[in-house]
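Presented as structure tokens, the chain that follows is alone, the form predicted on its own.
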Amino acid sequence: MTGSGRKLSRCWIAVALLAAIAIPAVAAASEAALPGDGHAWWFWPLILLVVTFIMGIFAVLGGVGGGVLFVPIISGFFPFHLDFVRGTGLLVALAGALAAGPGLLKANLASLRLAMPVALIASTCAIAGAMLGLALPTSVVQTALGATILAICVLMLTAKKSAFPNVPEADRLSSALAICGVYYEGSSGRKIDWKVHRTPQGLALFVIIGVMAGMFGLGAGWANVPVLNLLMGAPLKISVATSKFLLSITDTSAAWIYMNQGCVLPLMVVPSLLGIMLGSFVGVWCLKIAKPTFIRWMVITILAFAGVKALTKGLGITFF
């Protein structure tokens, strides 16, 4: 066996062992009615740490934000109230964005000209979405969350990313806002001049994205990139980096609403952030040797399973 093959084997053996520890614990935990029912105070933080560690690995390998995996899985299989899960999910997504944001700006990949008008709309709507999510019955939000997660799976299956979209001419709004730029493409060794079009349609979609981000606590990277890249025509690297930077603004706005309502528990937030961060480090290492196609299908399968669980839980149907 080659060196890379041995590394790959060790990587997946470690993940499998962690999963073997976490799955029975989660199964036993799902039978409990309340987080403090018959367990020591450290029981749930420990289970959350292990599960989010594995989640962090899968999030990096699948190229999705931690919040997209965190909210449906934790709300579906743990007996935490959805409001606390959404508040923690926003902070999980926010932590990753704040860690990556400065480096992306320094590398001239995240564009402030592109981010600021989008952030103004998305963050304002995220506040409205958070208030709406807290006002609606939990069963309604849980059902809508399940439907949204299944829609994300469809989007991941069908969306095609374009490294350098063809934008013949910038529209009037993007020209007025000076949304354009230049970045160095390391893979080809050349500078790329980029501009965007269909800006009004893109900004209109960010109204919906902001509401959904605040309402479900998912973050919004899963929706930001397709809109910026496929609709508005920003290069893929610019879209991904700007999306990551956007999360630091959008999620902060929504997170304050959850914090103000007392929906942020340190015993949930601390192990979740620690698990996601440690898992991300391992995920970066595994990413170098993992097969992208397998990882993509694995993440889609996990999301689909969690989406069905959230949907059935919201509808009051018990299958698993």
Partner chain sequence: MAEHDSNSEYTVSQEQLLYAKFLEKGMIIGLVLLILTFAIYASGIIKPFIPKNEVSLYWSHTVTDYLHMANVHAGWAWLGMLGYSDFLNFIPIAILAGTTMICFLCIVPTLWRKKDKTYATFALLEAVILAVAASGILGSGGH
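From a predicted model like this one, the values you see are computed outputs, not experimental measurements. Residue numbers count along the first chain shown, from 1.
What follows is about the form predicted together with the partner chain, which we do not show.
With the partner omitted here, the residue from 204, 231, 136, 155 that has a non-hydrogen atom within 4.5 angstroms of the partner chain in the predicted complex is 136. Between the options 110, 149, 209, 73, the residue in contact with the partner chain in the predicted complex by a heavy atom within 4.5 angstroms is 110. For the chain shown alone, residue 106 is a contact residue for the partner chain in the predicted complex, at least one non-hydrogen atom being within 4.5 angstroms. Contact annotation for residue 171: none of its heavy atoms lies within 4.5 Å of the partner chain in the predicted complex. In the predicted complex, the partner chain sits within 4.5 Å of a heavy atom of residue 80. For the chain shown alone, residue 294 is not a contact residue for the partner chain in the predicted complex, no non-hydrogen atom being within 4.5 angstroms. Contacts with the partner chain in the predicted complex, taken as any heavy atom within 4.5 Å, map within 221 to 257 to 245, 248, 249, 252, 253, 256, 257.
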